[in-house]
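First, one chain by itself: the form predicted on its own, in structure tokens.
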Amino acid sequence: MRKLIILGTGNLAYHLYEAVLPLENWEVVQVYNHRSESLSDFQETTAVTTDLGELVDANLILCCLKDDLIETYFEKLTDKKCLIAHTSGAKKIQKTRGRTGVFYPLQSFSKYKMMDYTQIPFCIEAKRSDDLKILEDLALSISESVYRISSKKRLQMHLAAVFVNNFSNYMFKLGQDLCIENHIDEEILIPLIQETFEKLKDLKAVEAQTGPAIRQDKKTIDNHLKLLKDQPKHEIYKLISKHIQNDYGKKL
């Protein structure tokens, strides 16, 4: 059985911990965080520590920390001979040590929300071929979708993920705000949100696009813009409508 140490206790760390727990070929032997109170979700079933000097021997250390902390922690772990991989979509593979890699799950994580880990795409990269096989073994033990992707392509993919996840979620937030401001139950939008994503299982986004912008419905667009007294919302609506029409060969 291969041994895994997880650095960090955030949403991603929590879900990777949960994904590995039932595996027969991998074991989480330790979880680290610099704050002891953050280790409460792990300490009943796994050894925990707030001291990097107390890390035990393992086959792999996963650095599930904020991007701006990754380089610092890699430098702190120079005495460790095992493979160390970060889990960032935007950071390049670290080259300050011989055994280094990337273990990036392409998904949005919220702590305590149950997930089907078998459906999460894992993107892996390593400096050494034998280390790539270690990451691949762990990824395939968790998921049905594993991709060997370079740092350059992973950054492009992360950018795409920001558009389809983070930005789309912000659009949902703006829509819910409009409902709340006008005393409309925002739950009414849920079936529409669900259908928006269900469509993408069968259609490309370019084929699924609907709405007043693509229909060149200037009257509806103008009416909507008049309703948007909040300037940022007004600018976002106008800009996105313009880009939709530009992409489909029309001008606003």
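Fair warning: this is a prediction, and the values are worked out from it, not measured in the lab. Under this definition, the rigid core comprises the largest set of C-alpha atoms superposing within 1.5 Å between the forms. Heads up: residue numbers just count along the shown sequence, starting at 1.
What follows is about the form predicted together with a further copy of the same chain, which we do not show.
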Original post:
a further copy of the same chain isn't shown here, but in the predicted complex which of 39, 55, 29, 189 has a heavy atom within 4.5 Å of it?
Top reply: 189
Original post:
Though a further copy of the same chain is not shown, can you say which of 77, 178, 142, 134 has a heavy atom within 4.5 Å of it in the predicted complex?
Top reply: 178
Subject >> Partner proximity in the predicted complex: residue 99 to a further copy of the same chain, non-hydrogen atom cutoff 4.5 Å >> reply: no
**OP:** Decide whether residue 107 counts as a contact residue for a further copy of the same chain in the predicted complex under a heavy atom distance cut-off of 4.5 Å.
**Re:** yes
Original post:
Can any non-hydrogen atom of residue 67 be found within 4.5 angstroms of a further copy of the same chain in the predicted complex?
Top reply: yes
Original post:
Does a further copy of the same chain get within 4.5 angstroms of any non-hydrogen atom of residue 237 in the predicted complex?
Top reply: yes
Original post:
When a further copy of the same chain is placed as it is in the predicted complex, which of 55 to 63, 29 to 37, 193 to 201, 42 to 50 ends up with heavy atoms within 4.5 Å of it?
Top reply: 193 to 201
Subject >> in the predicted complex, residues of 13 to 38 near a further copy of the same chain [heavy atom within 4.5 Å] >> reply: none
Subject >> C-alpha of residue 68 moved at least 2 Å between the shown form and the other one on rigid core >> reply: no
Original post:
Relative to the superposed rigid core, does the CA atom of residue 162 travel 2 Å or more between the shown form and the other one?
Top reply: no
Subject >> Rigid core fit then residue 34 CA moved by 2 Å or more between the shown form and the other one >> reply: no
